[in-house]
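Shown below, as structure tokens, is a lone chain in the form predicted on its own; questions about how it binds or moves come after it.
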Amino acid sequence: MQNPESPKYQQQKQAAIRAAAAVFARKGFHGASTTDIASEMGIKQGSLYYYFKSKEEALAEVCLYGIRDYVQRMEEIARDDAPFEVRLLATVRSHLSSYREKNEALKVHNDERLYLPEIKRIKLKQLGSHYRELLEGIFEQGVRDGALREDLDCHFAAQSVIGICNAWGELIVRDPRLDVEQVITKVNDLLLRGLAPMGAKA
């Protein structure tokens, strides 16, 4: 019996989560099996139960892995007292680069989490809401500092940034040839400068 606290077990558990993420990203939750996940890891199916008791538990672990790290990054950005433009760029970079670094897990979180029972989605919802609230706070500070217009709906703005980043994140996952830094620059430019020509009146 492996010790769940040992560094070796934790290493293997992370490998199991990444393997499950790869399988769920390719086949979807319903199309995947624990045999597929074990095969991805190069182990026997019976050995997989050291890490996950069920396919549902594997999905829950993958979703949590996909979202937890980028929420922690958002907390760091929110604590920073840099100007709004700097924090917006940091947000876009953190969000989009997460798809390349943990692309499969984030894709699974976005596409498959609704297959989890409600009770297992509570933590994911809390993390997602926390991320949005932190981003709203950055917009609200931007309004107070005069960097943004006074009548800005900060909730709508935060949701919109998340939506744009998630949409481009999907493309980053599907096309490994995409230059992530170039996408980050273009998304940030669109968010800051909009579509109208410079100097145009609203």
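Residue positions are given as counts along the sequence shown, with the first one as 1. This one's a predicted model, so the numbers in the text were calculated from it and none came from an experiment.
What comes next is about the form predicted together with the DNA, which is not displayed.
- Proximity of 6, 45 and 51 to the DNA in the predicted bound form is complete: all three residues have a non-hydrogen atom within 4.5 angstroms.
- The contact residue chosen from 32, 165, 135, 59 relative to the DNA in the predicted bound form is 32, the criterion being a non-hydrogen atom within 4.5 angstroms.
- Looking at 66 to 74, 167 to 175, 151 to 159, 36 to 44, the stretch with residues near the DNA in the predicted bound form, meaning non-hydrogen atoms within 4.5 angstroms, turns out to be 36 to 44.
- The DNA in the predicted bound form is not approached by residue 188, whose heavy atoms all lie more than 4.5 angstroms from it.
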